[in-house]
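There is one chain below, alone, in structure tokens, taken in the form predicted on its own.
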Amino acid sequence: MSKIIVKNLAKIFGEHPEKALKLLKEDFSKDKILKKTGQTVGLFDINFSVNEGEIFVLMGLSGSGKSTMLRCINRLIEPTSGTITIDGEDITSAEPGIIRELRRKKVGMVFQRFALFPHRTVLDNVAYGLEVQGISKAQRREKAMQIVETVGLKGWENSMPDQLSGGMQQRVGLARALANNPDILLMDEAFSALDPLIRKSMQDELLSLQSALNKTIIFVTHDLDEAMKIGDRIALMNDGTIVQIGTAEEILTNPANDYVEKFVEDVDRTKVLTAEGVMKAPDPVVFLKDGPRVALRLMKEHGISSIFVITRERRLAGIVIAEDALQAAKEQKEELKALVIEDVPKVSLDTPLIDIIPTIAETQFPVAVVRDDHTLAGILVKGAVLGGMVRGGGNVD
């Protein structure tokens, strides 16, 4: 279900946006439009939707339009044209009172530079939004304390912002945004001012909080690794437009154009690709009801020395090797069950490639990829895994 829908959105900075819009439709570049009209194109032809409970990342270099897009969503910046729909209501035509309520109750925002009140304690900073809503002091302090504990700052509630580390200050900013219990969280370069180790910790913290709170999050970043780590989907922006939307794996394996391909060329694929992205189809396989001769014939036809065995419901039973099947056939045995090696390496569809490498390096068999119901989804062989690494320049120590 779509929580947010953006259609045909444009933002032109200047007194005569209609001039720029006309030239944009004629495929003039941003630079040419600026020289010709004095109007600056912030966004043009933006279309995307965000599902409820999704972390949607707006990704791009400085000047790509990602922060402008974020601020259009809560109307801190007024769009020039197009629509933004939240829960079925077009907020681009909403009255100021509705926008104020939107910001107070439905949409929270976390900024890059924390934006904390230096003269307020942690608890009072977190409770600020509740104070604006007119909630009683006792109620807002109780609610704020719950959120302080949620973000891991219990014991610091009476501290002042300047007594906290950068990571802790950003936790306060996050807690303040969460205190109103908003459905939607907008995060603008929220972790980019933090040291690398603290930044990684905050990314992990966000994912942990999301698993518990299930908010709809739009996260702005210029860091590709960060986008690929936390985003359910990523919208890659360039010059005020969206050039591709997809999962990290989709963008990495199927870049939409040369710009995207160049953008992702240095990504370590082992950290992004999953078993599903590099597996081969589970073909051939043999059913548990089949005999050794069937297994031998399939192995011979496909030039393999082992074959996975599945049940009638296509659940993984194990693997049979050629030597055992050949011996059973010589002895006129009709069943595979006694030949099946049940203890075979297996991984789930979403297992990262980097976690698969040690397994596939140590085993003599292909690695089975299984679904949650234990049905066989695919097979991993060393060649396919190494190919996935080489295409993205990944390496293993």
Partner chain sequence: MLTKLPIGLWVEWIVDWAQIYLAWLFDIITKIIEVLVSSIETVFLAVPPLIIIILMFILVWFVANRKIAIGTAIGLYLIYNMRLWESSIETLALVLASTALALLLGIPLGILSARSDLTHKLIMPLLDFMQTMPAFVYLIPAVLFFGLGQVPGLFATVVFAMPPTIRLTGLGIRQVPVELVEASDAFGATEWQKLTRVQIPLALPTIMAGINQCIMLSLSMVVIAAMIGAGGLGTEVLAGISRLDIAKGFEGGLAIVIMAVILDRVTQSLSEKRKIKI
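Positions refer to the first chain, counted from 1. Between two forms, the rigid core is the largest collection of C-alphas that superpose within 1.5 Å. All of these numbers come straight from a predicted model, not from anything done at the bench.
Another form, the form predicted together with its partner chain, is not on view; read the next lines as being about it.
- Think of it this way: in the predicted complex, its partner chain has a heavy atom of just one of L298, A115, V260, M145 within 4.5 Å, and the residue is A115.
- In terms of contact with its partner chain in the predicted complex, the residue from G277, P282, G240, G129 that brings a heavy atom within 4.5 Å is G129.
- A residue is said to contact a partner when one of its heavy atoms sits within 4.5 Å of a partner heavy atom; N74 meets this definition for its partner chain in the predicted complex.
- In the predicted complex, its partner chain stays beyond 4.5 Å of every heavy atom belonging to L326.
- Within 4.5 Å of some heavy atom of its partner chain in the predicted complex lies at least one heavy atom of A177.
- Its partner chain in the predicted complex is not approached by I198, whose heavy atoms all lie more than 4.5 angstroms from it.
- From the list 85-93, 121-129, 248-256, 228-236, the contact stretch for its partner chain in the predicted complex under a 4.5 Å heavy atom rule is 121-129.
- Contact annotation for 87-102: a single residue, R100, has a non-hydrogen atom within 4.5 angstroms of its partner chain in the predicted complex.
- Annotation: Cα of P161 displaced by at least 2 Å between this form and the one not shown, core superposition.
- Once the cores line up, the CA of K200 ends up less than 2 angstroms apart between this form and the one not shown.
- For K280, a C-alpha deviation below 2 angstroms is recorded between this form and the one not shown after rigid-core alignment.
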